[in-house]
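Okay, so here's just one chain, in structure tokens, the form predicted alone.
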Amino acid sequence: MPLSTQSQTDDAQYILVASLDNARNISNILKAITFKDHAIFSATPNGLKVTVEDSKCLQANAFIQADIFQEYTIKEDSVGFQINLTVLLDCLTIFGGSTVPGVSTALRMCYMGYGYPLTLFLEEGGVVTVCKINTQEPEEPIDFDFCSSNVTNKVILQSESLKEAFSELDMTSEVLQITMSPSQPYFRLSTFGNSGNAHYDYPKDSDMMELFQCTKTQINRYKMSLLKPSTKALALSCKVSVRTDSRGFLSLQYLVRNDDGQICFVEYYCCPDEEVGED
């Protein structure tokens, strides 16, 4: 791969270098969290975390582990910057994001540090394009304070079944109501749209349900406008973990396999829209 033959002395100036044989393995994951222009990049020796937020009510995180990359070098404990995600995706797909077998865009991503641009070297079919994207000082991401010790209910579903539910529910509804309970209906999704109320129930012993851990009945509503961006992650994923904590905050964790069969995670946090009394 020509990119790997770049002068090693060039690398000395960078505090972060990440290389991929197939840029689609990162562009697909980033598309799953692209609902605002700007994203916060946090790099550690474990890999990249990319965060996008909307009005302190919604946060999406993409976790791209270091071993996804063919080369991953970081010279500091942590490296952070803010970047225009839309521009980054445009650069990553500059060759058209080919899906032809055996044809892929190689990527080498380099960052020199605070105040410097993120430099992308993209190569396909012997043609190398260099893109430099301005970076900004990162804002502090919102801490949703969602910790596993406060999780009251958790289910893990095969993504296909959640896609099916969304296709049957009325997406003109302003909210999605999620009921999680140790007793029936166990796990229910409800909408209240133009064509009336609709419910989609999952028995706890359903083939589509891989894990069912509910300790108490919770009924919470979430703005559909906030949840809609997460359907991009759902479309890519094979499994989804749905968790709620004692405050009714929602965590949707998607397991995504890339073109090479490696696993990445995308997580959405959403705050509840309103309290709904238990039946």
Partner chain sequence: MDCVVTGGNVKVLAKAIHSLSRIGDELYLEPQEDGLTLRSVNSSRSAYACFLFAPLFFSRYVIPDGHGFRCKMAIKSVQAVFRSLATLEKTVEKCHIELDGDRNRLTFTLHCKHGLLKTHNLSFQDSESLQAVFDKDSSTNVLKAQPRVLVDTVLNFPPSLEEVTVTVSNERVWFRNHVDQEAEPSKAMLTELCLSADEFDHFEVRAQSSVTFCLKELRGLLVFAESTGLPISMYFAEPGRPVVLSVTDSVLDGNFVLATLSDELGVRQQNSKRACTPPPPTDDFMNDELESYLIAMDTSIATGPSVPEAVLAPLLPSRAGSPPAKPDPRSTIHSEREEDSMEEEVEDLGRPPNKKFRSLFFGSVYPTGSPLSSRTMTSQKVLASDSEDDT
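Numbering follows the first chain given and starts at 1. For clarity, every value in this text was computed on a predicted model and none was experimentally measured.
The following text describes the form predicted in complex with its partner chain, which does not appear among the structures shown.
Open item on the list: Taking a heavy atom within 4.5 Å as contact, would all three of E164, L169 and P203 count as contacting its partner chain in the predicted bound form?
Closed with: Yes, each of E164, L169 and P203 comes within 4.5 Å of its partner chain in the predicted bound form.
Open item on the list: Taking its partner chain as it sits in the predicted bound form, is D207 near enough to touch it, meaning that at least one heavy atom pair lies within 4.5 angstroms?
Closed with: Yes - in the predicted bound form, heavy atoms of D207 and its partner chain come within 4.5 Å of each other.
Task: in the predicted bound form, I94 touching its partner chain (heavy atom, 4.5 Å) - done: Output for I94 is no: heavy atoms all beyond 4.5 Å of its partner chain.
Task: 4.5 angstroms heavy atom contact with its partner chain in the predicted bound form for N197 - done: Yes - in the predicted bound form, heavy atoms of N197 and its partner chain come within 4.5 Å of each other.
TODO: Name the stretch: of 224-232, 30-38, 207-215, 245-253, exactly one has residues whose heavy atoms fall within 4.5 Å of its partner chain in the predicted bound form.
DONE: Going through the listed ranges, the match is 207-215.
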